[in-house]
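Next up: a single chain in structure tokens, the form predicted on its own.
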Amino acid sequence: MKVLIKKYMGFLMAVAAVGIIMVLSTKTGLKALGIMAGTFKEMLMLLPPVFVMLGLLDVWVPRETMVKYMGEGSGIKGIVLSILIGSAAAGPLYGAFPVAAVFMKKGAKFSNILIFLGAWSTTKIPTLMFEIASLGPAFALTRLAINIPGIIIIAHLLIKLMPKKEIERIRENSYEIL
């Protein structure tokens, strides 16, 4: 029971906070509850297709292929592929973490996984198209030109700064998720 409570502590704290807000101000509490319900509904709409895609990725892409293109010896090929996959993705960032877990399970290099997560969060093609239309191509392409090297540098810095045991712990935890 303690493990279950610990696992869902964030959710339980959010429910308690909404309960307190509801007692203090019913109108504000109902608004907070509506936002919470909307977010929950959005997650329920997004996560099933993501998990179907992950199941197909897990079955269709052999581990050897993932290691070849995104594993330890992949070099620039793995970096480019990580950026392309992250940029082509759709949905909010929380959808990227199950994908990253499958990449870990399949043997992708940890820095490529970090690059994939960075690309998912900052270089999405729909975002780029919106920026070109509303802020102009100079801004959008300058931001992209700064973000891509920044993502790669940060990923490699994290690899240098993180203890190997921590990276292995993250990799092992990803197996438990799937």
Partner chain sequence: MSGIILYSSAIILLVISFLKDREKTKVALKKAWKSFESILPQILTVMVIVGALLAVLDTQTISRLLGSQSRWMGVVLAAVAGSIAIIPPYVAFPMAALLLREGAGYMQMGAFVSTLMMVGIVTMPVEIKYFGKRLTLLRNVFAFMFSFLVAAAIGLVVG
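Positions refer to the first chain, counted from 1. Basically, rigid core = biggest C-alpha set you can superpose within 1.5 Å across the two forms. Given the structure is predicted, the values throughout are model-derived calculations rather than measurements.
Missing here is the form predicted in complex with the partner chain; even so, the following discussion is about that form.
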State yes or no: in the predicted bound form, is some non-hydrogen atom of M66 no more than 4.5 angstroms from a non-hydrogen atom of the partner chain? no
- Is there a heavy atom of T122 no more than 4.5 Å from a heavy atom of the partner chain in the predicted bound form? yes
*Applying a 4.5 Å heavy atom distance criterion, does E166 contact the partner chain in the predicted bound form?*
yes
Can you tell me whether P98 touches the partner chain? I mean in the predicted bound form, with a 4.5 angstroms heavy atom cut-off. yes
When the partner chain is considered in the predicted bound form, the residues of 159-176 having a heavy atom within 4.5 Å of it are L161, M162, P163, E166, I170, N173, E176
**Report entry** Core superposition between the shown form and the other one, C-alpha change of G10 at least 2 Å
**Finding:** yes
(Q) For I167, does the CA position differ by 2 Å or more between the shown form and the other one when the superposition is done on the rigid core? (A) no
What changes in the predicted bound form is the Cα distance between K6 and K164, by 3 Å or more; the two atoms are farther
